[in-house]
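Same chain, two versions here, written out as structure tokens and called structure 1 and structure 2.
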Structure 1
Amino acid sequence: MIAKRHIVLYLMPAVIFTLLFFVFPLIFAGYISLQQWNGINEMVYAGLDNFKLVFQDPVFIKAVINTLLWVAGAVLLHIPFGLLLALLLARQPRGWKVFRVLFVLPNVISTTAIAFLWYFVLHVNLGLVNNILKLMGLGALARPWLADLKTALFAHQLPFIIYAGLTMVVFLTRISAIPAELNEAAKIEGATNWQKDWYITIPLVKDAVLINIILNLAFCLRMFEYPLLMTGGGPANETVNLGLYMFKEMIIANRYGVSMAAGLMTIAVGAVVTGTTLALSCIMDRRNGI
């Protein structure tokens, strides 16, 4: 009896926090998504009309596509770059501790500050990028990176790469748990460092890849500072994402019901992507006999 009471006491904080910060807000969002409400006047029941408005809004469709492009960039570029950094630092070259700190440092700096910094780096007149191109005699390549339809989406996603330090730390933690005997045996057999990385390290950090995919997915779904501060979602809604779409619908358009409906759709997108990732991971493990 006492043991059961202790288990309940240990679980209570987790249960309370889950209820307060996930279950209750989710229920409230579901309720508001069925209402027509501007945040001040009395709510009017709208049923599924808010969801119809969301699905019929081309800006929302564009926001979904851009958010998925953020996720694709994280999976195909950001995570491999973090893995490469981890593999290099795992060899402990000279000054590796300093580089580890430098790579992690951007993760503790305000996202707003970094967004403003990159806004001026890419500014059409004051920007560092265009001025360097002009100094190198490549002025023809200078352009309004954040205002050009062809480059705006890529340009405002570019700062995301500096957060590779967190991905790197997750990989480094997993690499440090690999038994040293495996690498020593491979070294005796004459394997190079890159061969040891390819045949030993990378296959053994697959669980860290899954963790990083989920962490990066969470960041991409909740992120709206970069499009808000760097482009405002423009030009022509080219850089709007789900986070910014919800913000504009709630704060600017005062359509709380539509914003909450879009929020639930964002949760659904995250659940689908996460579920797909987990399913693919299970299929791969079964094929490998794990």
Structure 2
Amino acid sequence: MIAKRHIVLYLMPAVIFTLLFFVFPLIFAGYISLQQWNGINEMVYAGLDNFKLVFQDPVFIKAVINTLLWVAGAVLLHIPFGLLLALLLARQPRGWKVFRVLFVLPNVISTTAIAFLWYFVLHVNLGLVNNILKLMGLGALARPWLADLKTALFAHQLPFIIYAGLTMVVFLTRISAIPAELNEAAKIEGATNWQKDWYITIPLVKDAVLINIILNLAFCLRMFEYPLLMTGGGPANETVNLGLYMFKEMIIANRYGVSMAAGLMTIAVGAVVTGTTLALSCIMDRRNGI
């Protein structure tokens, strides 16, 4: 046990911040979501109209789906890619330190700059991708990647998937903590590198997977820069996500109530997704008897 004053002293600052930046905003957002309000003039109580409007808006449904697809992109592509890079670098090939530095570099530069840069990389005439395809004689595959209904969604996630440096470092951290004896034992048994990775390394970095999932979930749920700067949500709302939907409703359409109704739904989606992840990880832990 510890004296109450100590608890108050140490805990209060963080609690005050949490109240200010999480609890109060939640209440405030809930209040605004029930109003019809353009941000300047008087609020008019609107009951659940904003929620009705949001649920009947096909663009909002699209935004929810796309947000979930961002999460899927993180879990199915970004994190495995980061893991692959980590496994390759963990074997310490020639120049691995340089690669490690280079792979993390884009993460510290600027998401804004990267998003804009990739707008150009994927541009139909000026873009690197189409011009390389043409050089290789695959000009038929060239297309306006970000303006094509079929490719826009994947194309605007591409920079996020590729720049997996931070995710990689989290894995590397965990891999470097694996006792060397384990690997040596496996070597004596005659295991190949891939077998070692599959049977020893990957099971041991499971907690790093969970950390990466949580970090990237948080990132994907509040994803905003890539859709805004690369596609603006287009073509025909194909790439709108919840962050952009809220932003557009607030900033362009001036419907603060609708924006916050969507905001509350975003929080609900976030809670469901993260809750599911944590529950799954608990179940798996228990099954493995950890």
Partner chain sequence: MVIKRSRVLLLALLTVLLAGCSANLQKEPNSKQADEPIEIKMLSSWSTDTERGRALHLLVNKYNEARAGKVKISIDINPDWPNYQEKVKTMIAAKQPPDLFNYNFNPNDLSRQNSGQLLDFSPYMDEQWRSRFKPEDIEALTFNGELTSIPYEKAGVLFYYNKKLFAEAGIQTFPQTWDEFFAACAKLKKKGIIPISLMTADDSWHSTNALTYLAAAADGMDVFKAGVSLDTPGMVAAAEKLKQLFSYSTDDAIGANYSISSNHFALGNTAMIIDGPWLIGSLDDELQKNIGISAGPLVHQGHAQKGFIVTDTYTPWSAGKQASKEKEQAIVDFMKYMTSDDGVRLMTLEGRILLSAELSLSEEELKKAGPVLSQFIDVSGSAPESIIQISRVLKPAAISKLPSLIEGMMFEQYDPAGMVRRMNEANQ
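Here, a residue number simply tells you its place in the sequence of structure 1, counted from 1. Keep in mind that what you see is a predicted model, and the values were worked out from it rather than measured. C-alpha atoms forming the largest set that superposes within 1.5 Å between two forms make up the rigid core.
The second of the two standalone chains is derived from the form predicted together with its partner chain. The rigid-core alignment places the CA of Ile65 less than 2 Å apart between structures 1 and 2.
The rigid-core alignment places the CA of Thr276 less than 2 Å apart between structures 1 and 2. With the core held fixed, Val44 shows a CA shift of 2 Å or greater between structures 1 and 2. Look at Leu19: with the core superposed, its C-alpha moves 3.0 Å between structures 1 and 2.
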